[in-house]
Structures are given as C-alpha cells and as structure tokens.
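To begin, one chain is listed below as structure tokens, in the form predicted on its own.
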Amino acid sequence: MNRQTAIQKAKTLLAQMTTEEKVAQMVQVPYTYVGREEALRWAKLGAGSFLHVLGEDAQEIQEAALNTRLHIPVIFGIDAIHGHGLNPHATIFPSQLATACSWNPETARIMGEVTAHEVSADGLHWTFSPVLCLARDPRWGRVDETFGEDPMLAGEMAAAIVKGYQGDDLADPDHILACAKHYLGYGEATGARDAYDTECTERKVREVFLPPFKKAVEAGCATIMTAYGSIDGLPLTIHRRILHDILRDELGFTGFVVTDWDNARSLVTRQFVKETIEDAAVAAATAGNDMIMTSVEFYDAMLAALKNGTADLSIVDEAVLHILTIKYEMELFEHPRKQATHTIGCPEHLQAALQAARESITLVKNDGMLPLSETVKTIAVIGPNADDIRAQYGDWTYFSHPMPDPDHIPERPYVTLKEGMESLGAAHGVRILYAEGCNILGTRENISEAVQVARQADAILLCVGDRIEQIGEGKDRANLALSGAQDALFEALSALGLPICTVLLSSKPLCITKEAASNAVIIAFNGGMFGGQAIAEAVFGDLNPSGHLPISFPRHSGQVPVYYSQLPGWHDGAYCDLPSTPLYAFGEGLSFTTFAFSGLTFDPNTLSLTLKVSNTGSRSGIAVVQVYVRDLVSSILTPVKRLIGFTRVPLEVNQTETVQLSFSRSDFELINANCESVLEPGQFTIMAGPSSKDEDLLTCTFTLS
C-alpha cells in the first residue's frame, strides 16, 4: 500500500479509537516473560506488538487481537540478528562483524533477504536488526553485532541489509520490517561499558555515529530502536533532540521508534532520572518513542498521566499514527497471518550462508604456509574452538540470547573447523588429528596431550578465541588477551618447530600478539553454520581468501582505542611501551595471489578517481580497493584518514582493470563547531590501496574551492 493511502487509513482508524486502545498500541509485550495467559489478556486489550513468540503461539495471539473491537492486528518482533537464529532449524549466517569482512554490501543484502524469508515463514513480521553502533572499543561486549569501526562501511552494509529485509514493498509477504539500532552512540560508552554514558558532543555524534543511521533511513528502514545509554548524561530514551529533531526533522525518518528492552522503566530503576513510572512514561513518549518494549507498566502509567493532565493526548496520537501507518503499509490488516512462500533452512538459503562464510575469511599473515603444500600429509587440528559450534555461532542463536538454552543439542546441518578439515582432508588425501588442548574459560587443559598429537603431524592448525559466556550485553571485557591456557598452548606447540596456522574464531579482536608469530593467521570471527568449512577450504587452497578487516586489532588491552581514523596531535603518537600501530589494521587482508595498484589520479572538477589494479600472482582473486581522504588544514581536528569509498575487483592472472570511482562534495565535508556540515576549501589528500596502512596506499593531493 502506498504511504499516502496508509496515512489516510491510519488517521481514519485513529479517530475511532478510545484512549485505552491508543495507549495499548504503544505497548510491546514480551511473551516469554509474561506467559500465555497474560499475553492473551494483553492481546484483548489491544497491545500493538509482541516479541519472542513463535509458531502456533503467535497465531493464537493474532486471533485474539483480531477479535477485538477494531480488529487491529499485532506486529510480531524477533531478534533475527544473523539469520533467524532463535529458531533451531533456521539458516545461521556469520555475525555482522564477520559479514563486514566481505566488504560486499550484496552479501549483506542476501543475508537480510534470506533471514526475512525464514522469519516470514515462521509467521513473524519484524527483526531488531541491523545493529549500526560502531565498534571503536573492542572491550565492549556487543562488538560482534556491529559492522565494525567505520561509519562509511557500516552505512553501506546497513543500507544493503535493510533492503534485503524489507524488499521493494513492505506488503511483500516474504519480507519483514528492519529496525536500525541502537540510536545513538551506544557502542561508544565510556570504558566500553554496556548501556553506560557516552561522553560525547553533538558534533562528534553527527560526524561519527549518525551517518550509518542516515544511510539506513535513506534506504527506507521502517523502524528505529533507541539505545540503552545516555549522551552526556541525558538518557537516549528521553533525548527529544536526538529522537525527534534530528531523526525526523533532519533525516526525514517516517517510520516508528521503539525503545530497547525495558528502557522506560529503567529511567526509574537504573538511571534514576525519573521518580515514578508515570514520569518516565510521559518523558519517553514526549521524546519521540512510539512503542515501548517490555515496560508494560507504561500502559497504566500513561493512562493515569492523561487523566491527571501531565500528558497530552496529542503525543499518544502522533505515536499511534506512526505505528498504524506502518501496519497499513505492510497490508497487515488485509493479511494478518503471514503467508510466506519460503522454507526454513532450504538448500538455497544454506548455500547463501556458506558463500557469506567464504567471503568473511580474512588472511592477515602468510609466510607461504598456505595453501598447504602437497608434502603435508598429516595435520594436527588443535584448540578449544576447533570443534565448538556454540563458539562458531556466537551470540543471538538458540543457544544464547535472549532466551538462553546452552544445553540445546545443536541442529544440523553445520560444519565445525574440525569437521571441515576432516571432510576436505579426506578429499585431499591428508590425515587429520585432533586435540582440544585447553578450554576457553580456563577450567581444564591437557596441553601435553595436544603436544603429543601435534608431534605426529607435518603442520598444526590452532583454533583459539572466545565463547558465548564472554559475549553480549553485560559481557564487556577489561582484558582482551586470550583467556585460559590458550597462550600457553600456543607456546608449547611453537616449541615443536612445526609450521603453525592460527585461526581466531571469536566475537571481536583479541590480543593475539603471541599467536601473531605463527606462520599464517586467519581471522574468522563467528562464521555461522559453515564457518568451519570455509576456513578449511582456505587452508587447503580450495578458497582464495578475499576478506579484509572491518576493525583494527590492538596489541594490548591498554592500547585501545586503535581505530584507524585517529585525530592528529598526540605527542609522539604512541604509548612509550608499545608501537604506534595496531597489531592488524582496518582494511587489512591478504590473498593467495598478489595485486599491484598504480596510476592513481583524481580530478577535483568531477570529483572522480582513477587507478589501475593488476593481478600479479599465480591465481585468480578479488582485490578490495579502499579510498581514504584527509583534509590537510581544517577549522577543527579531522581524522588522519577517513574511508569514503571502496569496491571489489575480481581479477584473473595477469589481468589489469582500470577502476573509476565518483564522489560527491559531501564526501569531503566536515562537521564544524556549529554542528554544520560544510566543505571548507583547501588542500586534500586522497589515498587508495588495499588497506588503511600508510605503506599500502597511493596518494594524490588536490585543492577544492
């Protein structure tokens, strides 16, 4: 249904609603917390949405809602973060962080579309994804949910996945509503403390954290979720300038805004900025929250506030109009029961997850060990994450969050690294041995057994990392070193003198400074169902890695932040006891072939860049061209480099391609001291190459007037 028609229908319905029916539309009920009987009561009251309710339970709730006076259907929401992962039979993709290693928005779009198909097949309408927070401090527990540290890369991936979720028409039964979150600056909280205060100015918000949301809004994202935390002491839940003035008046957002989990009540119980739930309800609605997640006390509190005159009905009317308009655009009134045509976990979807896993594999070191030589006849697969599907999936699946079931028997199909190596080893005539060596949490170890197993091999594949007990909300880490005896395991294996490839299978960058001495290093993050297969394909050379890091790796926990877009001015530019550079830099990624970049030119009149990329190696591969800019003299501090463009270039052996990229003047603008986006005339340096490292970049200086 077109938007104008939807608005008119929503206004007509709104005029027929009682105050109680209006306020009920603003409530989102957590089914798993309130239980079936209470959920049915809320459905009969006219609650606008329910979350975490599946299958026949959802249909029962919908029937109850449709039997109310005005027959207003319910929107069902679910945390489908990297696939419909709360359904144990669904296709589970790599995490957002792993997907961002592809530097391929089309991969994100496909991930969104497949997820939409499977959520739809479960009769649901809405996912609380994508996460557009930036992971500039890897100590934060939710790094895995992000597209990394950079606003531009996150924005491009965001726009693509939103289109994947929503398709071309919100009424399409095979697509669902997207929800860009957490608005705004949530990942930048002081000390990487989840839901804590972000000590940040509005200028910095506009420069760094707003751009991905702007991209999502431009892509038509139907809903936005507010963040738990605060900016300079003002909770985002009641930050009207952020939620209304910037989001709606400036960005032009026309959908509806939902709070995060229990945000309204938290104003009273956690943040202590409101004395009563009634005060909190009025403040949250007035600031621009249209739907209140899980704080069901909002209903009685808002009705009381309307009755005693501390709230104006126009605030409720505006919120409900936003919600009803989306429901009409979805044609939910005509089709309240999802009639999706796709099948959960079908072969087509599984293939998409495998391809996403392949594109996420990122090789950051290789002295020639990979792909494995034909002389390698026996490989020792060692390490705590080599055969742990829970670690490979990461957060937001049926094992973990938000309805944890860690003892659930894993549902096939999936392939751990051990299984992938065994399968491909058989095809290549290579024997695979295995030992855990130690576990992630340090409660058991058998390093001597691992050493004995490794002595029988020609090469070692060591898989280290973290697991779900160290990931997610409330799981911020002060220490980014490998936990337990993982470093000791590496040292014992290194003493054997055998070639070692270390695989980091984790939710975030960890300080693998010791393991960086390995002959080869693969960053896999959480690769989803087929992460183990994709890694094994790279080890044997069946896959040529094309991933590049969307996030920088610190050498030590005390080195953070190490994101690439640093500001100038730091005396000496490094801690006195560490190098100035990260362990691995943003944008870094190797291939089994080599690429040469040459002939960079930039035309300041047309704002167009040209350069040549050649495959100078012995096999086909994909080069990732990254373009950065620096404003040489500006009225405020500007980053030493800032990503403004990228593209993937497939190349056969000896092939050369001329790459042309066009930019707009906004790509060279800054946010000035008055929070205005302006292009200040002067000299700029444009940089292009395969990573953000200075030594990898060609440069060209020009003047804009």
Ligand code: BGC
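Each residue number is its position in the shown sequence, starting from 1. These numbers come from a predicted model, not from an experiment.
Missing here is the form predicted together with beta-D-glucopyranose (BGC); even so, the following discussion is about that form.
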Contact of Lys641 with beta-D-glucopyranose (BGC) in the predicted bound form (heavy atom, 4.5 Å): no
4.5 Å heavy atom contact, Glu473 to beta-D-glucopyranose (BGC) in the predicted bound form: yes
is_contact(Trp261, beta-D-glucopyranose (BGC)) in the predicted bound form, heavy atom dist at most 4.5 Å: yes
Val53 within 4.5 Å of beta-D-glucopyranose (BGC) in the predicted bound form, heavy atoms: no
Non-hydrogen atom within 4.5 angstroms of beta-D-glucopyranose (BGC) in the predicted bound form for each of Trp126, Leu177 and His322: no
The unique member of Phe530, Phe256, Phe213, Tyr228 whose heavy atoms fall within 4.5 Å of beta-D-glucopyranose (BGC) in the predicted bound form: Tyr228
Option touching beta-D-glucopyranose (BGC), based on a heavy atom within 4.5 Å in the predicted bound form, out of His349, Arg136, His182, His117: His182
Residue stretch of 155 to 163, 220 to 228, 117 to 125, 239 to 247 approaching beta-D-glucopyranose (BGC) in the predicted bound form, non-hydrogen atom distance within 4.5 Å: 220 to 228
Within 279 to 304, the residues that have a heavy atom no more than 4.5 Å from beta-D-glucopyranose (BGC) in the predicted bound form: Met293
